[in-house]
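Just one chain is shown here, as structure tokens, and it is the form predicted on its own.
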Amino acid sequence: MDSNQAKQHNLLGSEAASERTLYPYVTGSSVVAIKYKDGILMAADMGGSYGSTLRYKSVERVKPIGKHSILGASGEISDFQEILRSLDELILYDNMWDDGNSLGPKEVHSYLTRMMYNRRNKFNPLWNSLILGGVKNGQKYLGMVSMIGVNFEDNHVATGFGNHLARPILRDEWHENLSFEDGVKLLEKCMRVLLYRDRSAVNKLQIAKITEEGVTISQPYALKTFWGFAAFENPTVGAEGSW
């Protein structure tokens, strides 16, 4: 191999080594979360779509982070696993100090915003929208961060189609004194609407709760649905066009 061929080989090798994720492969749909009287509630279904095919139906997309936080994710499942690995390292490093303190939800959310924005600046983003909620010292915290680092806090947040279909419901019906039972009913209403309208949703969901006492994640269960609406039975009635 002469010098020109070697140089060309090295250039090709460096290009292959710096490939980026240009398209997410296995993805999860919406996550919805709210503050309620005693803490935070978060809901997500368990579907994992390979393109437009609902390939996996047991993907857990809500995870506890440390002692005070829970994390939910939409988007690329493998990138979510990478984020969880980084957070495990962060929590382990924090615990090694053994100083009686532990990272709260505000600190973990701040870390996530920096991670997502850093990867975006490298043109190698993590293809996820994240929701981070938690309770520490009696203070409830709920925030989200997008794949390019856009972030905010609110009393209720959602990702994916939930931004368009669930948050209008939450704006009308959420209030700060929601009981646990009413909060679960409100989240189930949002998830039912998403199930009807989002092709990537699956009728198998989990609801996570975090309070000062700790994290509880429900067993997967299905919602009661009704598909007999006239608009579902004949969706094209009155439509105009060649189809």
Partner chain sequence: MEFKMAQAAAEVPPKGGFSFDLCRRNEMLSNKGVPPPSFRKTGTTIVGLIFQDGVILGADTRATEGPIVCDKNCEKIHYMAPNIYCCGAGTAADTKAVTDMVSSQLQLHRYHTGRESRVVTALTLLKYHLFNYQGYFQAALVLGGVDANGPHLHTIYPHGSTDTLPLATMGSGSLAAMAVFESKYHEGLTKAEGINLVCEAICSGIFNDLGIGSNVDVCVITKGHKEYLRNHQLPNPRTYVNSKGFSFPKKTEVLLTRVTPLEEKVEVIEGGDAMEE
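Take the two forms, superpose them, and find the largest set of C-alpha atoms that agree within 1.5 Å; that set is the rigid core. Predicted model, so just to flag it, every value in this text is computed and none were measured. Numbering follows the first chain given and starts at 1.
There is another form of this protein, the form predicted in complex with its partner chain, and it is not shown here; the text below is about that form.
Using heavy atoms only and a 4.5 Å cut-off, determine which of Glu107, Asp94, Glu82, Glu173 is in contact with its partner chain in the predicted complex.
By the 4.5 Å criterion, the partner-contacting residue is Glu173.
At 4.5 Å between heavy atoms, only one of the stretches 25-33, 189-197, 50-58, 205-213 reaches its partner chain in the predicted complex; which one is it?
Flagged stretch: 189-197.
Given that the partner is absent here, does Val150 sit within 4.5 Å of its partner chain in the predicted complex, heavy atoms only?
Looking in the predicted complex, residue contacts with its partner chain do not include Val150, since no heavy atom lies within 4.5 Å.
Answer for Phe229 alone: is it within 4.5 Å of its partner chain in the predicted complex, judged on heavy atom distances?
Because a heavy atom of Phe229 falls inside 4.5 Å of its partner chain in the predicted complex, the answer is yes.
So in the predicted complex, is its partner chain close enough to Arg120 to count as touching (4.5 Å, heavy atoms)?
The answer is no: Arg120 has no heavy atom within 4.5 Å of its partner chain.
Is Leu165 part of the interface with its partner chain in the predicted complex - any heavy atom within 4.5 Å?
Within the cut-off, so yes.
Does the distance between the two CA positions of Tyr221 reach 2 Å or more between the shown form and the other one, the core being superposed?
Tyr221: C-alpha displaced by less than 2 Å between the shown form and the other one.
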